[in-house]
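Given as structure tokens, the chain that follows is alone and in the form predicted on its own.
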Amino acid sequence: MSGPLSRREFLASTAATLPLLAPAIPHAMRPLRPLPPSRWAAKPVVVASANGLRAVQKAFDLLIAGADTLDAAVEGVKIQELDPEDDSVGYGGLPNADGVVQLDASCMHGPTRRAGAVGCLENIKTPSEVAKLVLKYTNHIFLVGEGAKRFALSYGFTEEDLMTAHSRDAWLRWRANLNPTDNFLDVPDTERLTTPKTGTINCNAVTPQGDISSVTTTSGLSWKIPGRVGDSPIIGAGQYCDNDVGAAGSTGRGESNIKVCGGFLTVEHMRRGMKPADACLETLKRVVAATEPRLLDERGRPRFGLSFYAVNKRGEFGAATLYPGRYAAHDGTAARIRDTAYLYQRGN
């Protein structure tokens, strides 16, 4: 059995693998670099929404290989953006009322204190990567619509049809069942997709050096009014990152999150000393207090869903939802689905 590696041997062996890994990160914030073999400044952690199990594994692997924190998070969420089976993110996302898929994303890079976002982006599969390019190469933060698409194309992205057979069929069924007196025949709604569907992926990452980044990406509310933008591309709502404190992001009803600036508020709760899960719960309490009566049930509880995910600079992490939910995290042992904290039990 071989003995422990010396620092020189560790760095030499790690450096030898970096050229093989580097091409996997297009438009990287910085090249991969070896990690110190011991005395990490923080516990490396990646936390994401429940659809991000593969994302946290990918991002964690990249962190340990020496990737930048934002590069790792973006490469993680791109798995869902490119997955046609996830109809809430990227390719295959459910379209707006006109049958057009419009994507939103935002990101923040803790080490440089920079941010980037895109909204109503059409025909580009990976809006998270475009948001990162806005952050890295421009003096702006938020690009929307046709301008966001032209920006992406200028960096070599390919314009593609984002509708899949599943998302197109879901939209056609929604349109047919929209009004019983229109000229479309009602058709069976086997998947209950006539009700607007929310869905997003948020991912927050902390490197062994204690650097933090956050990214959120979505296809938004299904059947939305064309041009609608939710919380995902809004810096301080869909996600927020402060390299001195931590990062937080959300999924669920974006309009309710925007009103309380939930990503920013959760990080501020952590700044005052709250643990991540407690900070998420406190933000949800603010959401409930700010919710208009038409969106509450007879007991004063929200009729919608909203979740927050958070990690602090020490690598502590957690998540909370209005009702029992789940999230994904990799804490150095394994990528696992975990139960969230929550405000209310369903049906009680």
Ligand code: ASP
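What you are looking at is a predicted structure, and each value in this text was computed from that prediction instead of being measured. Throughout, we count residues from 1 along the sequence that is shown.
The same protein has a further form, the form predicted in complex with the named molecule, not shown here; the description that follows concerns it.
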property: Contact segment among 79-87, 207-215, 247-255, 154-162, judged by heavy atoms lying within 4.5 Å of the named molecule in the predicted complex; result: 247-255
property: Heavy atom of Ser128 within 4.5 Å of the named molecule in the predicted complex; result: no
property: Heavy atom of Thr266 within 4.5 Å of the named molecule in the predicted complex; result: no
property: The named molecule contact in the predicted complex: Gly262, any heavy atom under 4.5 Å; result: no
property: In the predicted complex, Gly116 touching the named molecule (heavy atom, 4.5 Å); result: no
property: Heavy atom within 4.5 Å of the named molecule in the predicted complex - the one residue of Gly199, Gly110, Gly236, Pro95 that qualifies; result: Gly199
property: Single option in Lys136, Arg228, Arg271, His166 placed near the named molecule in the predicted complex, where near means a heavy atom within 4.5 Å; result: Arg228
property: In the predicted complex, residues of 130-149 near the named molecule [heavy atom within 4.5 Å]; result: none
